[in-house]
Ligand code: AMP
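The form predicted alone is given below as one chain in structure tokens.
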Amino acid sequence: MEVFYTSKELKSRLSEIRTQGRSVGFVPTMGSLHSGHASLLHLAKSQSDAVVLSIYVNPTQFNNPDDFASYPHMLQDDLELAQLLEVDLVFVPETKDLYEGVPSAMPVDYGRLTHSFEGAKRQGHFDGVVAIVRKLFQIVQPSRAFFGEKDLQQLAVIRELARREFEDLEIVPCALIRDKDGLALSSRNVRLSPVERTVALQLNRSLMRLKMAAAKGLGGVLALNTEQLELKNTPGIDLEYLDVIDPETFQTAEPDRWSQGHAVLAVNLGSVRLIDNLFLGE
């Protein structure tokens, strides 16, 4: 495993790899790696000759400074896991290298993809996501880039970025990974107290009930309102949103289209914000 701390060194090494006719797969992360990231890396390795893993906590996608300050940093553990997973190249850049000065992000308008749900609740979030992913794509120039479906709206935004600016790049979606108790894996989970983690299990239960309602042809306002009320009335949960959407457009899905849609939600548990989603079809 090779570790690079500057874009210049990484680009030089990748140039050598491409000269050898080898394809490059890319998995961008903010570190604090878990089994979900490992699944992305396994898939990347199966579809690429060389895999690049980036580890960088991007300041421009945090609308809350406290969230940025408290985001977990576990670089040594991450490097050890990357070594265990036989990652070829790890990129650990500094902010001054990527942003060449004070970090900033230009506004991005992809319609509902960037302005609904996460975009509405976290002003400027997708501006920062697009800014950093664009920079990383330009540096790595991968054939394929792998993104988890856990961040379903981010995946849709990145697909749109690639469609507009990186037409030769394939964006590969990777299945959301859950812990054995049903909680979606997230780097933020380590910040949950034991009580908060128990409460967080309500998220998957609500999503599963919506899936069962869709399977029985009962999807609609009543089922959705019932689950929204259930979460709002659960002590410790501050519900931001729960809805059923078309995963490509992020338009709200009509009840008769629930079997093709995803339920998406976001909640706050104390100081920890969690998102989750579930495909409602078979």
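For every residue, the number given is its place in the sequence shown, counted from 1. Remember, it's a predicted structure, so these values are computed and weren't measured experimentally.
Note that the form predicted together with the named molecule isn't included here; everything after this is about it.
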Handout entry: Contact flag, Leu75 vs the named molecule in the model of the complex, heavy atom cut 4.5 Å
Key = no
Problem - Leu218, heavy atom within 4.5 angstroms of the named molecule in the model of the complex - result: no
Exercise for the section: Give a yes or no for Ile237: in the model of the complex, does one of its heavy atoms lie within 4.5 Å of a heavy atom belonging to the named molecule? Expected result: no
Exercise for the section: Report whether the minimum heavy atom distance between Ala223 and the named molecule in the model of the complex is within 4.5 Å. Expected result: no
Handout entry: Contact test, all of Gly119, Gln153 and Leu265, partner the named molecule in the model of the complex, heavy atom 4.5 Å
Key = no
Problem - Options 35-43, 228-236, 209-217, 246-254; stretch whose heavy atom lies within 4.5 Å of the named molecule in the model of the complex - result: 35-43
Completion exercise
Answer key, the named molecule contact in the model of the complex at 4.5 Å (heavy atoms) among Leu81, Ile177, Val199, Ala162: the residue is Ile177
Problem - Interface residue in the model of the complex among Ile171, Leu98, Val92, Leu185, criterion: non-hydrogen atom within 4.5 angstroms of the named molecule - result: Leu185
Handout entry: Residues in 11-37 close to the named molecule in the model of the complex, defined by a heavy atom within 4.5 Å, in order
Key = Pro28, Thr29, Met30, Gly31, His34, Gly36, His37
